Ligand code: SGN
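Form predicted on its own, single chain, as structure tokens, below.
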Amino acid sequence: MKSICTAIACALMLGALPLKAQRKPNIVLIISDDHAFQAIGAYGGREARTPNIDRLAREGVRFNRAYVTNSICGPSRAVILTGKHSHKNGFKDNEHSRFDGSQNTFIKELGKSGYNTAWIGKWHLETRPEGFSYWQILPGQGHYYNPDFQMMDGSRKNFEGYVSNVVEDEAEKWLNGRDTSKPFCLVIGHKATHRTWIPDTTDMGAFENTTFELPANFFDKYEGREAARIQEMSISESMRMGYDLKMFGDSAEANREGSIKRMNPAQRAKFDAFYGPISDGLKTVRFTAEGFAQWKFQRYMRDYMSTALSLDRNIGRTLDYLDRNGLAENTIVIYMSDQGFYMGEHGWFDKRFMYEESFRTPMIIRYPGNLKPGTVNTDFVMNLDIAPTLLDAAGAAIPSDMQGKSFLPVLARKENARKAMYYHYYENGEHAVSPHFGVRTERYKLIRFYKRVNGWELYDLKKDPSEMKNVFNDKKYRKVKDKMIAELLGQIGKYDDADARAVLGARL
């Protein structure tokens, strides 16, 4: 009898081992704002100082061709949450949209599967989060210094400090108090590196001795590209001396700037001590038009890259927390930006366009024991795929109306990657970027602009990776154009985009 009991006990123990090995993974999704892949060391950013994001890339998979469906803050977050394009989740732009929290999200599905879920930091979806175990969000864009948070109980609470540090502090506080009997999914939403690029006081001046290389097309003339010509996002013309570059005429002007007047006396003293001499020295310099544009570019890059230092440092704090608490081995960590950003390419800052620097986004995933460390992936993946991927990893059901696909089977080479990517940008206001939709394949990109500008653009990305020559009307590309139009129509049908179909109408 004793031997039988022992055998049964051993069998139960042996049976339990695979269950432990296959327990549901924890998830940490870190979403930054406007962090360009060009500004990350792991993506080849020569002047970047991103040791912690680079560490994540060494320990995980770096996607070299990750893209977004709509390159703007709120819509991107809505796509990440729902796994659906903007026309399906209802959040099309930052001007008129409010997120419908009653719709399904990957967070709600994880909750059904027993997960504790939280979103802490930038939310930017205009309504209160729904379906989370806990949330604590920055109202609107949030502030870099001494930020307010909207709390679950409806109150607003102020926190002293720099926003990247505070967001990480609050994320760790939630992790410390969570129900440890359940797996967790934590979304950390960072404000950095959103405009107006105000660094932490400890990072001010970090790049003052760095001269950034001017992009080859910084003085782009936009021939054959009307939508690019009429935009209002150029560093030379649209970047503001006070608001963007902190070059105020006097203290009174600085005091009128909301981000500056939130600073406490110690923070303000450091701000004035750093930016004041630069502003004063500028008054004695005489620039040519091109020289002034280049000066603004260097000032922009130094502020932007300095702002990214705290972002990276706090990502390192997240990784260290997981290590310190024995969580790293069973936690998926994804780092991504809500979209790409222009670092002077075409003479621009901001995003929105379907051109590569805006359309493409950094994305890195670490999944110990499941994905090979140090891997570089070149498949097409999109922010649309985050929701189904995380549900797939958690063993949860993927709703049939999610339009993205888990990329885990692609990484395991059990499925083929997508061959084309569909994009649709709707906003018709700030920065004067015309609404447009389009499709990208391995070699070509087709874009249809409408409303502000009506017209087509076609690019041969093999011959013209910087997208300087629109070949839509080039007779040599007639067959390519026809094929790409057919591909576009196929994508519109696949994703059921009635808005794009209405633009095209019965005739192209």
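Remember, it's a predicted structure, so these values are computed and weren't measured experimentally. A residue's number is simply how far along the shown sequence it sits, counting from 1.
From this point on, the text means the form predicted in complex with this ligand, which you will not see here.
Only one listed stretch (56-64, 441-449, 33-41, 468-476) carries heavy atoms within 4.5 Å of this ligand in the model of the complex, and that stretch is 33-41. Only one of Trp295, Tyr243, Tyr321, Tyr222 lies close to this ligand in the model of the complex, with a heavy atom inside 4.5 Å, and it is Tyr243. Checking Lys84, Arg352, Arg360, His346 for any heavy atom within 4.5 Å of this ligand in the model of the complex turns up a single hit: Arg352. Although the partner is absent here, Asn94 is a contact residue: one of its heavy atoms lies within 4.5 angstroms of this ligand in the model of the complex. Contact between Cys73 and this ligand in the model of the complex is found at the 4.5 Å heavy atom cutoff. At the 4.5 Å threshold, heavy atoms of Asp338 reach this ligand in the model of the complex. Proximity of Gln141 to this ligand in the model of the complex: non-hydrogen atoms within 4.5 Å are present. For the stretch 36-62, the set of residues having any non-hydrogen atom within 4.5 angstroms of this ligand in the model of the complex is empty.
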